[in-house]
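Heads up, the chain below is alone and in the form predicted alone; it's given as structure tokens.
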């Protein structure tokens, strides 16, 4: 069964350009996505990683699909999604973009620069419309009400599994995580490394996958 499972991971930050040299983004390094890819490969799965500008190195054997913006990430993930059995949305997608990016560098001498921000594409929500029998998992970073915020995202995006964490996990070797499931699972994982978290999440995902689920095709 293991060799027939195909995993699609989104990882790292996205960038939404304000002008040709400035952008909105966040501090995600892509380390969690790399750990998920490493764990999946260790289990014999085929792995595609759609990622923004990451600092972490992807493991040998993972197929890399670099993107920059949230829209580019959605388009790349959408093209790979039909062929995969498992989707894990671990990317720290920028939630907003400028309504209009300036075509030239905005200079300091011009006074106040007012930028109107609009929401970016919700990748997990969009891919969830074609979920079918696939297992979908995601991450939720919350600054308060960690579990409640995670449960809300789990429901809204139609996920099977969700990992909730606080901002302290960004760029850190380990963090405090909760594993939440559509089956009612509410598990405090405590302080664990990103690789250990990946192991625990894949254990949960494999429990959800049907033993006779037909593979969607080839991601390779």
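Residue numbers count along the first chain shown, from 1. In this text, all values refer to a predicted model and were calculated from it rather than measured experimentally.
Absent from the display: the form predicted in complex with a small molecule. The rest refers to it.
Although the partner is absent here, residue 93 lies within 4.5 Å of the small molecule in the predicted bound form, judged by heavy atoms. The small molecule is not shown here, but in the predicted bound form it comes within 4.5 Å of a heavy atom of residue 121.
Heavy atoms of residue 153 reach within 4.5 Å of the small molecule in the predicted bound form, making it an interface residue.
Although the partner is absent here, residue 195 lies well away from the small molecule in the predicted bound form, with no heavy atom inside 4.5 Å. Considering the small molecule in the predicted bound form, the lone stretch of 128-136, 110-118, 93-101, 78-86 in range is 93-101 [heavy atom distance within 4.5 Å].
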